[in-house]
Each structure stands twice: as structure tokens, then as C-alpha cells.
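We give C-alpha cells for two forms of one protein chain below, kept apart as structure 1 and structure 2.
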Structure 1
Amino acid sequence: MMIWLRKNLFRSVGDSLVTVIAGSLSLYVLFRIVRFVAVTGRWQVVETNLALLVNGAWPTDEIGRLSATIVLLGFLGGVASAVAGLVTSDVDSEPPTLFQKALDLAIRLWPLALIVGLVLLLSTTTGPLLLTVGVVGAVTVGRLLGGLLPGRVRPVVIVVALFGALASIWFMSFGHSWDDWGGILVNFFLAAISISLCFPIGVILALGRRSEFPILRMLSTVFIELFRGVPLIALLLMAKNTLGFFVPQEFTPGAAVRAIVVFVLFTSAYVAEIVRGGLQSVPKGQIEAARANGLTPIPTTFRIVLPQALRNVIPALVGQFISLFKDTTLAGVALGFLDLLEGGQAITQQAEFRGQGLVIETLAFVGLLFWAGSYTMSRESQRLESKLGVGSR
């Protein structure tokens, strides 16, 4: 203990001085934060508007549809993660015990558990608790079922899960028009829909940018650089103000469609660059070997190059999803969704809370929700990265 202190905190006079100053400063900041959370913070505004922050103004008699969709998504996610886990798991290590598994889960998912616990603590009804139990159950069942599936059907399962997710979100929109969605739901669903739709476009653009056809290469490059060179919020404002001009007047698209169009086009340019990196990481010998074995260019691309390239870029794609999840807040300010951030500002303007300076409390809560989501995802992507051994082979 003393040796550790000496080695890490008090190596020299200057070092000790730094330790003392930084230590007292951080203790003070920590004290202020604890006091703010426990004593001075007025959390009434969050407590009253919890439902608004989580699911927006979702009608109460349609809440069953919402819950069913979320449970179904949890189940599909469980199946998909089990299948993906099988793909990447190493066979040599012995299976962990139940205790090890639980500990591992607790270390990995504590931020999520923290915010779910916080929401349950603040909520006054039993609905959220039932939903949490349902989702956790569905994920577990999904993982167990996914583990039992034979290896042959895995790609099919992933595709079915993806389409199932999109279909269930579509089913959800029957109860409550997309344009009226709100809360963190809108952030999460906008990100999920956009990333699943932009993925095929991104792969095509990446292949186009690396193809041997000059015109195709030029078109892909122009598209990618166009969307990477302009800020996202400017594109969203552009969609708000000009998209109506480019479609026949009969179908004027709603705010959600405009947002999804922009997010898909914008993100597919970034996904294309990620996939291009993956394509470049596939050794040239692989292509030459495939050609030597008599494969023509198209099977070479789809059976040899792409599987290896995509496997290498999974962590970067997760990173892109995280930044998309954070960027969905821009849809709130540009297109007027009451998403988590915009809704958080709106509730401080309610009659009973106006003019009391509650911005810091609500923004802290909103920030915690975003942080927990993206921190968990980014740590999972790092784990995946080391599991896949990207860069180490």
C-alpha cells in the first residue's frame, strides 16, 4: 500500500505538490456533485415528467403496443447477440461458472443497470417495473434459444432479426404517428432505423469507390465527400426547408421521414469510409487466391473479400452507431421532435417549473441517460474488438 502510494502519487516533491492540489480540487468537485445530487438538486421536475422523457407523449391506451414491441426487440436482440457471440467465441477456454458470468455482466452493464434502477426509483407506477422484468426475461430467453440454433442458419437469423426489428417498429407506428414520438425512444429508434437502412448503401458506396470502373468510382467519391463535407445539422435544416421541393406535392414527407432520409444518407457516407478501410485491410493474396481458384469477380467480392472486411469493421460500425445515437439530438433542434434533449428543455418551461432555473437538473438527468447508453456500447465495442483480434492478426 505504502509502496503503491509512493510509486503512483508521491514520486518527487513536484509530483507530491501536484497530487495534493489536484486531490483537494477533485475532492471539492466530488463534494459539490454529491451535494447537488443528494441535497440541493430539485429533482421534482424530472420525477413529474419521467414518462415524457422516456417515451414522449405516448397515449396511455396504446402503451401495451409499445411494451410488446420493446419486449419483442429485446428477444430479437438476445437471439442476435447469442448468434453473434457464437461466431466470435473462442472454443479453447473452459466455460465460465454462473458466478463469473454474473460478475462479468455486472461489470459490463452497470451504467445501464444504474439508469434503469434510477427510472424505476423515480416512477410511481408498476408499468416500468413489469416492462423491465419482461425485457430482461425476453433477452435471456432469446440468448438461450439463439445458442441452440444450428450454425447453418445464423446469417438467416441475423437478417430475420433485422427485418423483424424494422417491422415491429413499423407496427408500433400504427398506434402513434412517428412525427409525435418523443423522449429517448425517438433517439434510439431513429438511430436504429437509420443504421440498418444505411448499411447496404454504405457497402455499395465503398465497393463503388474501390471498383475499377472510373465513372462508378467518381460517382461514389462525389457522394461520399458531399455528405461528409457538410454539417449534419445543416443537412437536417435543408431537409426541413427544401425536401418538399424535390418530391411531388401529393406526398409531403413528415418530420420523421425527413430525419431518417438525412441520417441514412449522411451515415452511409461514413459507413462507406469505414467499410473501405475494412476492404483495404484484406490482404491482396486473398483476392489472388480466389481468382486462382477460378472464382469470378462477383463471388470473390461477396464470398471472400466482404466477409473478412466486414468482420474487421464491426467495432468501427458500433462506434458509428454510438455517434449516430448522440447525433439524433440534432433532429430535435432542427426538426422539432420532443426527443430526450429537446423535451428536457421543454419541461423546464412548464407552468409549475418555469423560471426556477431547473435547466441544470434536467440536463444532468438527460446527460446521464445518454452517457449510460453510449458508454456501455463503446465498452462493448472495445470488448468485441479485442475478441475479434482486430489489428493483431
Structure 2
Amino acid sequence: MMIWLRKNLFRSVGDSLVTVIAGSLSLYVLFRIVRFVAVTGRWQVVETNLALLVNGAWPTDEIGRLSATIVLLGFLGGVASAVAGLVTSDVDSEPPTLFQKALDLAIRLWPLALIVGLVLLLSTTTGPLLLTVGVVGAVTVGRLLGGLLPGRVRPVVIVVALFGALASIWFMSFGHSWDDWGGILVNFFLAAISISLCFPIGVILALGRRSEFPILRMLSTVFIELFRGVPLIALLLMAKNTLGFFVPQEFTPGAAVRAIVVFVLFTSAYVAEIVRGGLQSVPKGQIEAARANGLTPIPTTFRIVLPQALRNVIPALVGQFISLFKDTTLAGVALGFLDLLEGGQAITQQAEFRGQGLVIETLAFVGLLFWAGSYTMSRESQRLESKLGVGSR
């Protein structure tokens, strides 16, 4: 230990000074954070408005529909994760033990576990605890059932699980319109739907931009450059204020649909450029070898080139999706959603909390929720990269 410290932190007088100064500042910052969280922070504003921050103004009589949908999504996610893990896992590796699985889950999902524990700690009812138990049970059952499925149906199961998740979200809108959703629920909803739609559209645009057909290449290029050159907030404001001039009022979509369309169009342009970079990274020898074996252009693209391209750009794709998740707060500003950020600012103006300077506490809670979601996506991306061997030969 002493050798490591001397080699890495106290190698010279300059290194020692930097280590002492940086260490002192780090300890001071850590002390202030712990003191704020445990002593000086006034968390009553978060505890009182916990339901508003999590699910917005969701009706109390419809909370059962929301809970059932979340449990169903947990089950579908468990099935899809088990099937995806079986598809990408190495058949020659030894199966992990139960302890190794538990340790892996703890390392991967500890930010989400921290958020769930914090919500349960602040909650004054047993509803969140029962929902947590139900979701954990549903995910466990889904993973067990997914592991029993035969290999030939696994890709189909992933597609069915995706459409089942979209159908369950649509089912939620029957009791409470999308435009009335709020809290972190609307942020996750907008991000999940937009990511699911923008990825295939971005792949098609990337292939179109590299197409040998001039018209298809030109249309794809115009679309990509147009939406990449306009700020996202400008597109959201245009969707709110100018759409009514071109579409009759009875056909004008709601605010949630407008936000999804804008996010999909905007992000798909960036995804297309990321995928195009991945396509360019595939050596030409791969295409020549496929043609030498008698493959036509379409099988060559979808069986040889595209899988390698997507594998190479996983970090950039996940980074774009994380950015999309955080950009969902712009929908609250531009389209009037009471999302997590807007709700966090609104609760400080309540009569019992107005003028008390509680914006730091609310923004800290909001930032923690967004950090947990973004960090988890990043860690899962790194895990997928490791399993697929990204960056290794």
C-alpha cells in the first residue's frame, strides 16, 4: 500500500502538493455534501410531494392501473433481458453461480436500488413497498421463463416483448391521457417511446445516405442535415405554437404526441450519423468477401455489415440515448408538461414552502433521479460492450 501511494501520489514534491490540496478539497466537499444530506437539508418538501415528483397528478382511483402496468413492464423486461442475455452470451463459458449473479446485479443496479430505497424511506404509505415487491417478483419470474424458451423463438420473443411494452403504455392512456402525465413517469415515457422509434428510423436513414440511388441518398441527407441543424428547443416550440397554422384543430395531436414526434425526428438524425460512421468503419474486405461467396447487397448489408457497424458504435448510441433522456425536460419547458424538473420547481411555490429557499433540495433530488437513470444506462452499455468484445480483436 505504501509503495502504491509513493509511486502514484507522492512521487515528487509537486505531486505531493497536488495530492494534499486535491485531497483536502475532496474531503471538504464530501463533508459539505454529507452535512447537507443528513443535517441541514430540509427534505420535507420532497417527502410531502413525493407522489407528485414520481407520477405527477395521477388520479388516486387509477393508481391500480399504473401499478399493474409497471409490474407487467417488469415481467416483459425480465423475459427480454433473459432472452437477450442467452442470445449474446458465450456458450463456451461456465454458467455463473448464484452468488456471482447477485454480485453482478448489485454492481449493475445499485443506483436504481438507491433510488428505490430513498423513495421507500420518504414514503408514508405501503403502496410503494408492495409495488417494489411486485416488480422484483415479476422480473424474477420473467427471467426464469425467458431462460426456458427454445433458441429459435428468442429473437421473436424480444420483438413481442417490445410491442407488449408499447401496448401496455397505450393501455395506461385509457384511464389518464398522456398529456396529463407528470413527474419522472413522463420523462421515462417520452424517452422510452422515442428511443424505441428513433433507432430503426436512424438506421434506415444511415443506409439511405449510403445508398447508390441518388434520390434516396439526397432525401436522407436533406432530412439528416435539416434536423441536425435546428436546436431541439426550437423544434419543440414550433410543435407547440406553429402546428395549428397547418393542421386543423380537430386533427392536431396532443402535446405528448408532438413531443414524441419531435424527439424521434431530431434524435433519429443523430443516430443516422452515428450509424453511418459505424458503417464506414467496417473494412471493405468484408463486403468483397460476402460478394465472393455469392451474397446479394441486401443480405450483405443486414448479415455482414450492419451487425458489425452497430457493434462498433454502441458507446456513441447509448450516449445519444442518455442525452435524449435528459432532453425530455425540455418538453416540460416548451409544451407545458409537469415533468420531474418542472414539478420540482413548482412545489417550492406551494403556500407552505414558498419563500423558504428550498430549490436546492428539490433540484438535488431531481438531479439524483436523472443521474441514476443515466448512470445505469451507461453501465449497461459497458456491460454489453464487454460481452460483444467492442474495442478488442
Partner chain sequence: MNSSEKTPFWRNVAVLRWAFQLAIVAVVGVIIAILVNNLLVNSSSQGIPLGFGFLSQPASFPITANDFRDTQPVWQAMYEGVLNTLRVVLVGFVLATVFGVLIGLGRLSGNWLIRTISTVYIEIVRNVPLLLIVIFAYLGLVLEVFPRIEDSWDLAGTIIVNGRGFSIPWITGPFVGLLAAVVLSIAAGLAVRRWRLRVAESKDESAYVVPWMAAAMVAVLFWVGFFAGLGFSSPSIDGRNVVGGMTMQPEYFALLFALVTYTASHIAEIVRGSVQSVAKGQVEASQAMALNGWQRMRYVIFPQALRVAIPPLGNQYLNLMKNSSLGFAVSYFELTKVVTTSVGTRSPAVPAFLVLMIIYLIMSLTISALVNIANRKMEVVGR
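Just so it is clear, the model here is predicted, and its values are computed rather than measured. By rigid core we mean the largest C-alpha set that fits within 1.5 Å across both forms. Counting starts at 1 with the first residue of structure 1 and goes up one by one along its sequence.
A.B. asks: Any idea which of the pair is the form predicted alone?
C.D. replies: Only structure 2 matches the form predicted alone.
A.B. asks: After fitting the rigid core, is the C-alpha of G77 off by 2 Å or more between structure 1 and structure 2?
C.D. replies: G77 C-alpha, core-superposed: shift of less than 2 Å.
A.B. asks: Is V262 one of the residues whose Cα moves 2 Å or more between structure 1 and structure 2, with the core superposed?
C.D. replies: Shift at V262: below 2 Å after core fit.
A.B. asks: I want to check R311: does it shift between structure 1 and structure 2 by 2 Å or more at the Cα, with the core superposed?
C.D. replies: Yes.
A.B. asks: Could you tell me the distance the CA of T296 travels between structure 1 and structure 2 after a rigid core superposition, in angstrom?
C.D. replies: Here the C-alpha difference is 4.1 Å.
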